[in-house]
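Here we start with a single chain on its own, the form predicted alone, put down as structure tokens.
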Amino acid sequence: MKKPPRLEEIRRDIRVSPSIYSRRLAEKYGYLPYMVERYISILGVDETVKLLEAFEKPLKPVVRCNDLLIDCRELADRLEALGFKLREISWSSGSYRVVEAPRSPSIGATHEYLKGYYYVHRDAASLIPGILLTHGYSGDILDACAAPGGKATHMAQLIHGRGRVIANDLVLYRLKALIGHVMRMKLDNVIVLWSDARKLPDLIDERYDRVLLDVPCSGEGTIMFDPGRKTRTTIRDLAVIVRREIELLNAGLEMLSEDGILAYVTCSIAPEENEYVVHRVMMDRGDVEIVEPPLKLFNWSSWLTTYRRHVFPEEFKKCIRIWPHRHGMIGFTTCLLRQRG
């Protein structure tokens, strides 16, 4: 496995010098200045303001029907009878945005929820990688950083009867939540592991045709849920996160079988955690290429091909970037990768 880069090297690559205008915007919306400077360099001033405004607006949760236990139309009717107003998500079968909710019960405390008839996602963006990875696929999937289980249980439904999900995580309290969801939803094709994903290549002989790597990240795309993320991650903190993401991506690629596909996923809009990480791994290894998504679910944005002094491969246009102000979802990215033989 490749030796991870030094923190000093990463900090040098991602260091910025905020302008006066970005400082004023950062002060108005409560951000660290380097974050707003970054947004302006990518989007321009006007669209940056739209992004910052989008982060100020809460998002409604999403219900994903467990069609192994109940007909999804019946579930929608039962929830609407309880006072929930649902809007179907056109690109994800059996998924609904909760547009309105009664005072009681909450969407996570209904009889139907306790029976395992659905999973509650904070947003629809997390449905994207599971749909792409399982499209036309039969076989096992490794979810290397799986807890609390939204994507793992989604994929377990999608490949039920055709494969298993090996769901791994390191954080015990999150792993307990994953096990709880698997049991509640009565999914019998999930195997749970407890390990640092970076150690999996040395611990497991098996290699997989599909790997989901939803890396622990800054969470910069989820500011609408957690405003503290506006100031939580300094440049030094970001360098530490990026180094771990590089290590995780290298390990995830080692878990791929020949011609296998890995989905690299973050809930961050920071190019340091997305374009930079993938490009760095591609340059260090020399055996990684981008895979075109098998479906175009909706009109998403693509990854950046330039960012400040960095020039990224043109094939990054195949990778998926979700912007809150453009797509009405959290900030989210997905990129499909494979190793060249």
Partner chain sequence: MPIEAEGIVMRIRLKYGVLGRGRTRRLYMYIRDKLGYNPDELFKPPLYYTCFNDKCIIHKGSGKYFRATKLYEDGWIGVIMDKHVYPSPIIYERIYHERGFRAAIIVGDRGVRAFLYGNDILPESIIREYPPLDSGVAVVDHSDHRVIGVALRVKHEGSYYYRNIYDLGMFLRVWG
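Every value quoted in this text rests on a predicted model; they were computed, and no experiment measured them. Numbering follows the first chain given and starts at 1.
One more form of this protein, predicted in complex with its partner chain, exists but is not displayed; see below.
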item	value
Partner-contacting position among Arg97, Lys230, Arg164, Arg198 - heavy atom within 4.5 Å of its partner chain in the predicted bound form	Arg164
The unique member of Glu258, Asp77, Glu88, Glu206 whose heavy atoms fall within 4.5 Å of its partner chain in the predicted bound form	Glu206
Tyr113 within 4.5 Å of its partner chain in the predicted bound form, heavy atoms	yes
Proximity of Lys186 to its partner chain in the predicted bound form, heavy atoms at 4.5 Å	yes
Its partner chain contact at Pro216 in the predicted bound form, heavy atom, 4.5 Å	yes
Its partner chain contact at Ala81 in the predicted bound form, heavy atom, 4.5 Å	no
Which of 131 to 139, 154 to 162, 89 to 97, 169 to 177 lines the interface with its partner chain in the predicted bound form (heavy atom within 4.5 Å)	169 to 177
Any residue of 190 to 207 that, in the predicted bound form, places a heavy atom within 4.5 Å of its partner chain	Val190, Ile191, Val192, Leu193, Trp194, Ser195, Asp202, Leu203, Ile204, Asp205, Glu206
